[in-house]
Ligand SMILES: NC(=O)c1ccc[n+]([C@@H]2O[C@H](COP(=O)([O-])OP(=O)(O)OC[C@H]3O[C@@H](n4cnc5c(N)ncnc54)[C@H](O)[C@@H]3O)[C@@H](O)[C@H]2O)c1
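Consider the single chain below, provided in structure tokens and representing the form predicted on its own.
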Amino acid sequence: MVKVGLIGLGFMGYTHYQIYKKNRRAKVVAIGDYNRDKLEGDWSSVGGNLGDMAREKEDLSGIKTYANPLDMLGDPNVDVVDICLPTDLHHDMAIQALKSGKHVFSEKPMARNFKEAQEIAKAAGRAKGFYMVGHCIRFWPEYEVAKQIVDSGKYGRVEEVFLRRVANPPTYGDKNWFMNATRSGGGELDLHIHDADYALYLLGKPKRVWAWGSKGPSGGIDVVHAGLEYPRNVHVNIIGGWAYHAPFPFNMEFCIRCEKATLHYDMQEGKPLTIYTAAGKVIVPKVPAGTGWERELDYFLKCVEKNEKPTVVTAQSSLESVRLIDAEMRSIAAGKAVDYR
């Protein structure tokens, strides 16, 4: 059984905690947070854009607590450090955790900027333990199956991809940190990066990047329209952001047009992943159970159990996702497309 130390008890920290409780591979043995009320089990303030949130006091009997999460890194009973802190704290915590010899799972994005992400990647390359970033869309059932279908070549090559991820402003963060772009990076780095990462996972690095963005409630770029240009006239269009007025619902959607079929999924529409073939057939493929959060954590736990380095998400692939966001930011600032490769 893998012994987990969880750092940060906000939306994702709470979500991870509940997942670990149900996973036979894991046991949470330590938690750390700068908010002492949360260390006493009071998670009533936790909110989020998906899933049920804590409303009752959590029983933390038998779990060691750390008011200074850095102190957890010296705990010999902890195998894995799971970092669910605000984005601007990822860099220092990840590097210190890697230096301590622990396996490290860090929530996305990898870091607040490309330079910090590079430093983490270097530390991960030297570390004894494994390192993985929570790019959960690579594990989200519908997205995972779509990737498998594309890779199989059954419907020919990809010709066009549309990705959309939108929400109202996430004001549920501790001290409203999401709404401080200096800390979160705004909707572009925090939310839009999911689809930027999936585009890289699906098709690799683009030739050129064009992006338009507008500032929103965080003070940073909170709405992004991005275009990625690939060889053979293949294009990816991404719309993402969190400037939509509450109670506008969170939604994620993709449409992948191949030579012989179109794959479509829209969460709010309530329909399953559907394939519309050139021959006129409508196919609903079977997808795995669970959320991307459950599946990514189980994957990482398996890697630790088997002593096998993660390959679905690597330090380099997570670094590349931050690099793509950096390219989009440069395109927005310049008002023109930028070369990527």
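Residues carry their position along the shown sequence, with the first being 1. Keep in mind the model is a prediction, meaning the values are calculated, not measured.
If you look for the form predicted together with the named molecule, you will not find it shown, but the lines that follow are about it.
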| query | finding |
| --- | --- |
| The named molecule contact in the predicted bound form: D190, any heavy atom under 4.5 Å | yes |
| Heavy atom of G5 within 4.5 Å of the named molecule in the predicted bound form | no |
| Heavy atom of Y172 within 4.5 Å of the named molecule in the predicted bound form | yes |
| Contact test in the predicted bound form: F178 vs the named molecule, heavy atoms, 4.5 Å | yes |
| Selected contact from P217, P141, G227, P86, since only one has a non-hydrogen atom within 4.5 angstroms of the named molecule in the predicted bound form | P86 |
| Contact residue in the predicted bound form, chosen from V150, L203, I239, C136 - any heavy atom within 4.5 Å of the named molecule | C136 |
| Interface stretch in the predicted bound form with the named molecule - options 78-86, 207-215, 118-126, 154-162, non-hydrogen atom within 4.5 Å | 78-86 |
| Sequence-ordered residues of 24-38 touching the named molecule in the predicted bound form, heavy atom within 4.5 Å | D33, Y34, N35, K38 |
